[in-house]
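Only one chain is given next, in structure tokens, and it is the form predicted on its own.
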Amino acid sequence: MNLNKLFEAAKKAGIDPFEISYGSSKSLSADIYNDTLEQYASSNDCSFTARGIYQGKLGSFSSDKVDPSVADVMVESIIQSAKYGLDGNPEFFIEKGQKYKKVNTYSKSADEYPGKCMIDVSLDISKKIRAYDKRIQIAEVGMSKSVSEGIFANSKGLKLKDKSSYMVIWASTKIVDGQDVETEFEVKLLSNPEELNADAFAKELAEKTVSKLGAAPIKSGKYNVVFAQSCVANLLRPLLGQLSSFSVSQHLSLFENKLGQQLLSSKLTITENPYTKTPFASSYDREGMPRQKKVLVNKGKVSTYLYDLEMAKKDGTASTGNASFIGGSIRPGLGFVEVKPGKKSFDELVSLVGNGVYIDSLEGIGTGYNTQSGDYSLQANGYLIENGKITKPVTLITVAGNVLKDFGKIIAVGSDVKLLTGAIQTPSIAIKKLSVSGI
């Protein structure tokens, strides 16, 4: 993408400083339904956002059409939005010369992985799942790959580029045994196709599907709980979003005035790691500032807030490289998160719990979780734990509590780390005495 025409148009109109964030992506996907190819699709997308200061005010523009013909429309949009915009600060458009750590999120093998192989692998997984047990009536399997490129440039001479790729394999199932109907779902994020063991993926999902037959509610009460990795992610990532210095400044954060305080269990340490060897790695943020690896929670104590340039200036500190484009504005946002694993295997976590519940899915995060208070009440499914062993499947239960208080009662953190599509890598975690409603 040649951005020169856009920069020339902005300069001619008196928009200075000026910046562009451009992105393009291409993707290919194959979807299988019961051993039959249902959809095979490709797409190519691109977009850009532009910001600049015009007569002291900040204006912006965004478009999914990226060519020199939009230059006049872009200029007019920035000028018009600047009339009603906030005061612009040229300091928030950074100079070149920053030091960036190189990250490698591009895989040639993922980029060049043939569509026919995606279809064949998905078909193979579908057949293996359905062959595992004749009661599995539906197996839907999908595989996709995506490659994206980005450019960030401004009128102060800064120009940054990145290129990334990733693959996703997912599958959902439906099993029927008389009146008992259960469904399951699994998804795996891949940096390259070599990371996929199709046989293991199919077997694990099929076993899990069959194991859910006969699920029933349990008696209401206080239970020791082991949360699966996906559940830990669903509860912790929204909480960590409260570390945004903007949320703190608006008195919307649970962490206001609480840096350094023991708010969570000393067994819990959480890091934001932009240099991770996953598709979520990045070297610069939405303002072109270098990303930083940082400890967010150190043995239960909150270590830092997240800053962009504007919030850093207001608080008299430095940007933490967390500028994100949120709701049409630059705001501090959370990057890739790693929860530090413990030394206990999953089986050891279950054994430690003794009698309780293993919860492997939570529903209603969007409506049943108040991130400003930390209170949650969510429908859950999983398995009963009896005498340190997983026994019967459990369904139609509700787990409720406060995420700050509950993650202050950690029994142990597991070693079974899993990379999840929500930009978080976490193990399972066992927690004392949670409120579970059933029958």
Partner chain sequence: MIVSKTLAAAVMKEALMTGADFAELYAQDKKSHAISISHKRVDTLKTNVTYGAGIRIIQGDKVIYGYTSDLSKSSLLKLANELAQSFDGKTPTEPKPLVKVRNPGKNKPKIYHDQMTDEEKIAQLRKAEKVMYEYSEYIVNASCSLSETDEVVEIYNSKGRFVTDTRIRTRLGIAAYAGKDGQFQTGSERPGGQYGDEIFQMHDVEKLGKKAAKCAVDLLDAPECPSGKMTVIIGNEFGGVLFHEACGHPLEANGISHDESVFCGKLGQKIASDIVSAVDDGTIENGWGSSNFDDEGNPTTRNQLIKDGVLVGYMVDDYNGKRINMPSTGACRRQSYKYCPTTRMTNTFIENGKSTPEEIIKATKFGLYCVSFNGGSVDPTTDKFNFTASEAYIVKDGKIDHMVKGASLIGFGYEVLMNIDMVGNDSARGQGMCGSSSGSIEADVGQPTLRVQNMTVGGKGERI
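Residue numbers count along the first chain shown, from 1. What you see is a predicted model; the values in this text were computed from it and never measured. Throughout, rigid core stands for the largest set of C-alpha atoms superposing within 1.5 Å between the two forms.
This protein has a second form, the form predicted in complex with its partner chain, left out of what is shown; the following refers to that one.
The single contact residue among Gln250, Ser266, Ser109, Asn104, judged by any heavy atom lying within 4.5 Å of its partner chain in the predicted complex, is Gln250. Taking Arg237, Lys313, Arg331, Lys188 one by one, only a single residue has any non-hydrogen atom within 4.5 Å of its partner chain in the predicted complex, and it is Arg331. Proximity to its partner chain in the predicted complex holds for none of Tyr100, Arg135 and Lys389, with the criterion being a heavy atom within 4.5 Å. Among heavy atoms of Leu378, some come within 4.5 Å of its partner chain in the predicted complex. For the chain shown alone, Ile385 is not a contact residue for its partner chain in the predicted complex, no non-hydrogen atom being within 4.5 angstroms.
In the predicted complex, its partner chain stays beyond 4.5 Å of every heavy atom belonging to Ile410.
Of the heavy atoms in Lys219, some are within 4.5 Å of its partner chain in the predicted complex. Residues with any non-hydrogen atom within 4.5 angstroms of its partner chain in the predicted complex fall in just one of 73-81, 193-201, 332-340, 147-155: 73-81. Counting a residue when any of its non-hydrogen atoms is within 4.5 Å of its partner chain in the predicted complex, there are no hits in 201-215. The two forms, fitted on the rigid core, differ between this form and the one not shown by 2 Å or more at the CA of Asp67.
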